[in-house]
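A single chain, nothing else alongside it, follows as structure tokens in the form predicted on its own.
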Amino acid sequence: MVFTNAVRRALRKARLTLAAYIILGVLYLAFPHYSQLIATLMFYMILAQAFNIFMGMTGYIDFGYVAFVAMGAYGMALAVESLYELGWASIIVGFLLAVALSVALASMVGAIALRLRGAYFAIATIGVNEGVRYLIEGANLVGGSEGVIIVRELRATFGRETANFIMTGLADLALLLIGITAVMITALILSTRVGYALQAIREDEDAARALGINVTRYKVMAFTISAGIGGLLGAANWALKGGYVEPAHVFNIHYTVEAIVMVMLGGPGTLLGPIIGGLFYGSMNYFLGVIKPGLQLLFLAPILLAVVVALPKGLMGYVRERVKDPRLRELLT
């Protein structure tokens, strides 16, 4: 009964956010020429939503987050490469392995690093990201610096046309489903005592501990959930969609920086904020790249800086402060 009520509250909170994904799905079908742009926007939205579950709700900045996304990509690549003879089952196993590897890494890192605070935690997570990358390259694990290519296995199992569909339409559908899953998980967290505990930790960790909240437990919980969603994202967008996994790309800290920017733009700790931040950042990055190719970051940086300075609580924080209707404010959580 308690869980059912939490689901109902989560669905109420998530209406606008779910609508954003549904609209993108409709646009994807209606305008196939813009399918890659829409898929890219979904990638940014999911990345921001997953990162927000930990950073936005606890206030901890994880500079090594991309390592969990990378683990998901490797999980899918290894499953398809090793089990391609099983057909569709290899892809299902790939998603399961992606979550398992990401959560396993997050559990090991979180159990140690989450005992640190502030800059010490951030430095530790950078070390994890680079350490895993150089372990793979230096020890020549899972393809080493050359990575893992699964295009051949996909075509050998499914044929050229079906393999191409898997790497386009199916991968994009998986992104849509992962995005909806991330929204519902976030809404459930915000609708239960887990969300209240994480918010208490964000506001004052010492006070939360004094009130009897097991801060380490809740931080590890948010850390692993965030990592699991990131693993699914890496499996769908980098391994399945790209057809290969290469360490220099999947361990690029640039993606973590983008996640931080998008969460701060939209509003940390909110449900709709990371979606707005992902759409804003992804759209600006794309259109500036079309208008001024190669110089988009030069123009994008001052725009982002202006938004963050003018709206310290993010776009959603600015909007919620000016909305008086309590029902609408609930939708803008």
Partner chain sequence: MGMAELLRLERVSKRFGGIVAVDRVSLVVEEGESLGIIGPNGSGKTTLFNLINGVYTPDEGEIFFKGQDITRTPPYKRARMGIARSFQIPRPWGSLTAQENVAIGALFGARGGQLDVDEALERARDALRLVGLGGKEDAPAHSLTVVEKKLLEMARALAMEPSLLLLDEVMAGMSPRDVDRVVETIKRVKREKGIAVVALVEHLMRAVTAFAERVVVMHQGRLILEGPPEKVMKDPLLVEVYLGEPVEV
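Residue numbers count along the first chain shown, from 1. Owing to the predicted nature of the structure, the values given are computational and were not obtained by experimental measurement.
There is also a form predicted in complex with its partner chain; it is not shown, and the following applies to it.
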With heavy atoms only and a cut-off of 4.5 Å, decide whether A207 touches its partner chain in the predicted complex. yes
Hey, in the predicted complex, does I213 get a heavy atom within 4.5 angstroms of its partner chain? yes
Quick check on A200: any heavy atom within 4.5 Å of its partner chain in the predicted complex? yes
Can you tell me if Y218 lies within 4.5 angstroms of its partner chain in the predicted complex, counting non-hydrogen atoms only? yes
Which pick from F165, Y196, F158, Y244 sits with a heavy atom within 4.5 Å of its partner chain in the predicted complex? Y196
Within 4.5 Å of its partner chain in the predicted complex, heavy atoms considered, which of S191, T224, N129, S90? S191
